[in-house]
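Form predicted on its own, single chain, as structure tokens, below.
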């Protein structure tokens, strides 16, 4: 019998594995760099895209989405999902305006009224997140069902207290300073402008929360517990990790972050629409998380990837606007991106 010849190993196999690893680890960064290069150099609207004001506005318009997406990253990594974030945003914004206007009518100063109303609104968001978390942990409801109920219930409460309409804030001076104020970043002479470029507080808050979220997820004990629970709940229980507590905390966090996002949008507009504020925000947040490389199955994710996912979606939206594509098609593009990102994840596995 002739001995079997050993199977030859293709010399390209190690390099192929390296390429696959780099794409899996840094694919979102490559995609982001490619989008930046195309829009800044090759596209027909390159000069408009490179304008610092345009870049600043892109970040400002998507800061609320980014804040919610940071919390959504934690929830998805732990093996859950939250569909109620948009409704929590609306409830927080409506509560803040009603409380603030009531305090102003009683003679309280604007700054004190805004601080009290904002604190109460964030507490309401935390309570909504806690309710979702308790339904998932103690009630043993699937996260999809529990938060779907929250999506409907919280929006209904908002519509009821706002009588289905728009609420306007009385503290316009303070809210304008918070929602549209910021820090002058670059002297105007360096970018060919007569005034300095102002980086809004919303943008700074988004990046501060993103940095804190990355530290929590990748460098803290709680973050390791989140990954462990999402990766293998049974093994996490045997390792004495408080699974229910970890899940509950992630839902409380995303509830608080959703309320913060609702407040910054309310402050920027000095008003809120009970039917429109936060509408479909869950879709944008989930899309950013999935594009950033977080597994929908849980157990693997990164906040910095989510931040890039937010920016990729923002740049794509900007491309569609510059190309004069109808806004009615933007949802179709986002849906296609989500499906494509999930298919790529399945292909990797």
Partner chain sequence: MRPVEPPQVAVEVDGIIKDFPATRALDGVTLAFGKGEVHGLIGENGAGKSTLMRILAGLLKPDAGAVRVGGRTVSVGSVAEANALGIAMIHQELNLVGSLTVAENIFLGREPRTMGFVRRRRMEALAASLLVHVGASVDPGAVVERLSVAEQQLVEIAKALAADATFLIMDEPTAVLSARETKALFSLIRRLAASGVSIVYISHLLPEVLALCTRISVLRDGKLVTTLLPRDTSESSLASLMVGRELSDVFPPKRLPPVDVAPALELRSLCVEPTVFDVSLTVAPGEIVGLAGLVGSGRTESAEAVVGLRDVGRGQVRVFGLDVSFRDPREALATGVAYVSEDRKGRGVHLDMSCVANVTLAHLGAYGRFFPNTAREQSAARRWVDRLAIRAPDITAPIRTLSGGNQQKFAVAKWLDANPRIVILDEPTRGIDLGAKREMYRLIAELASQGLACLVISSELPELLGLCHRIVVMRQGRTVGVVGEGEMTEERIMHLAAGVDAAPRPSA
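Only a predicted model underlies this, so the values are computations on that prediction, with no experimental measurement involved. Residue numbers count along the first chain shown, from 1.
What comes next is about the form predicted together with its partner chain, which is not displayed.
S.K.: Would you mind picking out the stretch of 247-255, 215-223, 175-183, 122-130 that comes within 4.5 angstroms of its partner chain in the predicted complex, counting non-hydrogen atoms?
M.R.: Selected stretch: 215-223.
S.K.: Is there a non-hydrogen atom of residue 242 within 4.5 angstroms of a non-hydrogen atom of its partner chain in the predicted complex?
M.R.: Yes, contact at 4.5 Å.
S.K.: So in the predicted complex, is its partner chain close enough to residue 171 to count as touching (4.5 Å, heavy atoms)?
M.R.: Residue 171 lies outside the contact set for its partner chain.
S.K.: Quick one: is residue 208 in contact with its partner chain in the predicted complex, heavy atoms, 4.5 Å cut-off?
M.R.: Result no; residue 208 lies far from its partner chain in the predicted complex.
S.K.: So, in the predicted complex, is residue 234 in contact with its partner chain at a 4.5 angstroms heavy atom limit?
M.R.: Yes, residue 234 sits close enough to its partner chain in the predicted complex that at least one of its heavy atoms falls within 4.5 Å.
S.K.: Give me the residue from 81, 117, 227, 162 that has a heavy atom within 4.5 Å of its partner chain in the predicted complex.
M.R.: The residue from 81, 117, 227, 162 that makes the contact is 227.
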